[in-house]
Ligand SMILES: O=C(O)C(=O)Cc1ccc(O)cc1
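Just one chain follows, in the form predicted on its own, and it is written as structure tokens.
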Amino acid sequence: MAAYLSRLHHISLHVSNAEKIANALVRKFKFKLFATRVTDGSNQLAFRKGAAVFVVNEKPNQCSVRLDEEHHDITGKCFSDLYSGNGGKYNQYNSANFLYDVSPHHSVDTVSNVCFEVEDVERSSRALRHQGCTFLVPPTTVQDENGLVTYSVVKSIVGNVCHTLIDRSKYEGIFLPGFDVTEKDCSLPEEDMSCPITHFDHITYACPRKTTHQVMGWYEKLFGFQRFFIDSNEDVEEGLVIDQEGIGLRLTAMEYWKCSKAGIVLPSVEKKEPDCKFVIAESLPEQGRNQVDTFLAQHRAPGIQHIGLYTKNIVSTAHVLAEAGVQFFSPPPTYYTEVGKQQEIEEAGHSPQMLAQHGILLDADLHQDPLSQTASSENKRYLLQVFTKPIFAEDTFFLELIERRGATGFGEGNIRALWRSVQAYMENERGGSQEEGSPKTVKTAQC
């Protein structure tokens, strides 16, 4: 691999209205604003919930660029002229406005930067450039009274997604130089027991058909990611295929190789720090247009479709968020009455009625240890999940709540029901009548 990643630092959003997204993150999703950077050209706001950190970047101006659907290639070549860092050249305007990031000048709100800490930015950048990577910002050092930070920004193979590589080993501040910390004592935030979101669990890309292997190969070669099997019966080449009831999806997951010298870890308050998986979703041609195609059309490029937020108590968290105005996708009503599902839920110590209230799904881990099959319900491994409705004006980016009780995968039964719930929302509530690539005429659930 070319770059040794040490931890996931933050995820960046580029939006046209930072105040609206800030209100959603604080009031609805219970994140805390803890650092800000305000300049004449842009606003940058950092929000934290546990170890999950979002940086919201407000675009300095609206961009009228519209991209044709035919340009949905995985390399994001249609963005080459929109990024002023073309060919690795440094652009002062982008860097000055968005420290640790660049402005994608994207035509809709987007989640476009996943920032990783590395031990040596210079070495990593040289190795990545040798492998042919395009750098939007070369190695750059910034500092304040708390020390210095070096970073660079590399363009990924997925649409407008880029990765900031950052070395903060010589920095003792709470966040990053250039930001004004608004919450001085937030290095170890007190856990919110009613809404215990602790970290990012996974990131899901929506990609064009037949590009999964190209994406996986890029991350494996450059950052050491390897295949993570979502289901025990998953085909090595095909991934997990959901091809039923009008839904045609291919899902493939990858994670950082745990046996390598360095792995992705998160600054979790837990002693055992978890990893963050990446999931690639693409549509199948036989079943017609689905939510991945909708994302590609409305986002106008491949990109980050949703992010999983890990919570220690999904029932309490979903209740708190729903009370605050967050809307969740609901699975088909028959999900909770499927043969064996009610028993499965009750054996895990949950009430089907309670889970159904917010559309929470439960899937038992089929890879149980033999000794645990006859153990108490507390020892059985299972997984709970629920999707929120989109948080941007377009049907693009949304969040997921996920609680793991010993299960490390994603739960095939959950996956099918989750994606069916998204499909039903887009077909029934949207009518499925909009032409691909056309602007939306009806707003989604507002956050």
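These numbers were taken from a predicted model, which means no experiment stands behind them. Each residue number is its position in the shown sequence, starting from 1.
Separately, the form predicted in complex with the named molecule exists; it is not shown, and the next lines address it.
- The named molecule is not shown here, but in the predicted complex it comes within 4.5 Å of a heavy atom of H202.
- The closest heavy atom approach of H306 to the named molecule in the predicted complex falls within 4.5 Å.
- Looking at S103, you'd find every heavy atom of it more than 4.5 angstroms from the named molecule in the predicted complex.
- Interface membership of T396, defined by any non-hydrogen atom within 4.5 Å of the named molecule in the predicted complex, is ruled out.
- Taken together, the three residues F387, F410 and L418 all lie with some non-hydrogen atom within 4.5 angstroms of the named molecule in the predicted complex.
- Listed residues V118, C207, L249, L321 were compared with the named molecule in the predicted complex; L249 is the one with a heavy atom within 4.5 Å.
- Interface residue among Q291, T311, S112, S152, judged by heavy atoms within 4.5 Å of the named molecule in the predicted complex: Q291.
- Looking at 208 to 216, 276 to 284, 343 to 351, 321 to 329, the stretch with residues near the named molecule in the predicted complex, meaning non-hydrogen atoms within 4.5 angstroms, turns out to be 276 to 284.
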